[in-house]
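A lone chain, given as structure tokens: the form predicted on its own.
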Amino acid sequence: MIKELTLYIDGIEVKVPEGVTILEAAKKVSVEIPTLCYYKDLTPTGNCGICVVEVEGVGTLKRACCTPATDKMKIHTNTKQVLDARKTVMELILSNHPNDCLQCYRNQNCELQTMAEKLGVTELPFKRFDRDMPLDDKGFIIRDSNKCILCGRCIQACQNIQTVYAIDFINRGYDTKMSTFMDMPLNDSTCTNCGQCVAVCPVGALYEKSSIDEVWAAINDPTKHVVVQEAPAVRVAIGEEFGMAEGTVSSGRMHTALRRMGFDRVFDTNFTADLTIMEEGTEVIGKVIKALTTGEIGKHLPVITSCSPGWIKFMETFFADLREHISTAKSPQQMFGPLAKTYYAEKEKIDPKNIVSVSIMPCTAKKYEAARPEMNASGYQDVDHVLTTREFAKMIRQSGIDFKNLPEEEADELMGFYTGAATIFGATGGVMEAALRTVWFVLSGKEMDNYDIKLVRGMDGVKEGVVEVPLSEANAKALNMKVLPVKVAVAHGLSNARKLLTKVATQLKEKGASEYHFIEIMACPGGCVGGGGQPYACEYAARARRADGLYKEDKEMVKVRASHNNPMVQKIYKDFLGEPNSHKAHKLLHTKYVDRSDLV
């Protein structure tokens, strides 16, 4: 039984369970203690010292974020000593922090800027020391060490949440900085471009390489025909940038805003999410049948999803031996790219060299994915520019659009119609659930009575279970069983992926087969709703609320909740691709992977 403590914060009595920090106890009675390095989903370190408080009977100030509360403790949060100490710490931090706020990527969305104003820092009594370190801008995540305040959030996200270990503190004393092994560019390290470091950085020390200017240039070029797609997770996060509640579904407003911004065609990545299910689901079914009929289980199974580019680079770096088990289906973004410059170009009689394909993604790794050399199945770079949700919000503001009060419009139908299965792609377990809805139909010949497969939903790091799929008469005869028990697993966040894949690799090596048939992995905690390009300060609880928004949209699409029922997907197979996994589909919609294990 957990012991209850009684303590006093600024004279207010508060009862908390043992193990709670002073900071957490203060929140319970609505006392705000300022923090800078603290982040709810990371282990408190006390690196910055902003959260100091006075504890009666203790000779020194204590850091509230990492000091456990004790029974009968008496705490003061706003004495002169406390306020002066906080202000001095802030002045010291600012003494070697660049003062180019107006040019900074995080201007008006910077925790340091906000905290300085809160603490009343208007002048600096200390001499400035500019560090003048080079900008690391070789890749798609830019690292500006001059702006780093050494809070350590990014390192925790990279090492503890993602287990990538691309960054750490190097050097000592005044020369301490966040960097990579041998101080090499981030792009040359084990970095997966997932952007979780960017998502937790409180200042402008880490940010994505922007494509805003290039997209505006394309829109304003009369010789270019600019098409746009938007990922499922964007629609439940973009509203946060304009004061709307987390998880608010903004599909219609999103489409309207894009038209007003000047895009020639507004499509939706959800269309190719449905297409991904047709390609990946067909691949899964084929491999399951082949494994069961030949007895070569370990050769063909498990099949692992391929939609998350951060996960793919993680696999290529740390689990390259499992490459043959990864679905060859491209992500929805990269399926859309070649189809925009082939299928759509052919339908509209537009020279593909004049088509500019833009995607809006919750993910910084999507920028890296679009630039991979194999992503040119159309004969051109399939996706020309990738914008994060944050960049999209900036462009909306630049356009003077009142996003919150926009009317709602549908995407253009040819590559914009989608099902509920597609929209849940943005949540952890969503790709698995969408695939199972179609796998069930193909193997049984009938629709599911209940499309909600709850065993793959939720924020547990690894979810697994068995889905009993009834077989049609023909499939039952071929497999010599009436029901196929499909063992599935879902992991989100790369630390969870590492645990699951280590288990799979061990089973394959020691037993020659894995217990799983189908595995979904997403690089970011919560799935794409928690992507590195989403609005800042996204705690896990907020990610869950975004996922709830996607499930809400899915539930409301009563008649079209399974990808195989998308009429526009049926049309593209009839008019252009032939059938799932056809030769043409493989050329345009499938890919291969490389071994990057030399980076480790």
Partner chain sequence: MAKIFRTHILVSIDPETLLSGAKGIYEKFKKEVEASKLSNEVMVAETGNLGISNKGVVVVVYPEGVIYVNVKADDVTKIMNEHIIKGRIVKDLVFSGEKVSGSSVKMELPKQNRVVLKGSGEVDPESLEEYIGIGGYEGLGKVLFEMKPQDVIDAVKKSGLRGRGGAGFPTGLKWSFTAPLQGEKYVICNADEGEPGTFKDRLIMEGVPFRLIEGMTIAGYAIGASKGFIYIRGEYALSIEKVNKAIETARKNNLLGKNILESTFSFDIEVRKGAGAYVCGEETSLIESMEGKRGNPRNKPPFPGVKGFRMNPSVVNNVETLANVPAIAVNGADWYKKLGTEKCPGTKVFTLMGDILYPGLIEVEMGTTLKDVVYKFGGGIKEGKKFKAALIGGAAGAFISEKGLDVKMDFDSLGEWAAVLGSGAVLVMSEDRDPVETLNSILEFFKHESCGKCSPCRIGTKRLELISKDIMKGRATEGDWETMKELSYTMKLTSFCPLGQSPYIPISSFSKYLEDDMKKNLNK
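Positions refer to the first chain, counted from 1. Bear in mind the structure is a predicted one, so any value in this text is a computation, not a measurement.
There is also a form predicted in complex with the partner chain; it is not shown, and the following applies to it.
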Give a yes or no for K349: in the predicted bound form, does one of its heavy atoms lie within 4.5 Å of a heavy atom belonging to the partner chain?
no
According to a 4.5 angstroms non-hydrogen atom cut-off, is I297 in contact with the partner chain in the predicted bound form?
no
Partner contact for L42 in the predicted bound form: the partner chain, 4.5 angstroms, heavy atom:
no
4.5 Å heavy atom contact, I170 to the partner chain in the predicted bound form
yes
Heavy atoms within 4.5 Å of the partner chain in the predicted bound form: which stretch among 23-31, 548-556, 47-55, 533-541?
47-55
If the cut-off is 4.5 angstroms on heavy atoms, which of these, I161, A476, V89, I142, is the one near the partner chain in the predicted bound form?
V89
Quick one: of V249, A85, A291, M395, which gets a non-hydrogen atom within 4.5 angstroms of the partner chain in the predicted bound form?
A85
Heavy atom within 4.5 Å of the partner chain in the predicted bound form: which residues of 63-96 qualify?
R63, C66, T67, P68, Q81, A85, T88, V89, L92, I93, S95, N96
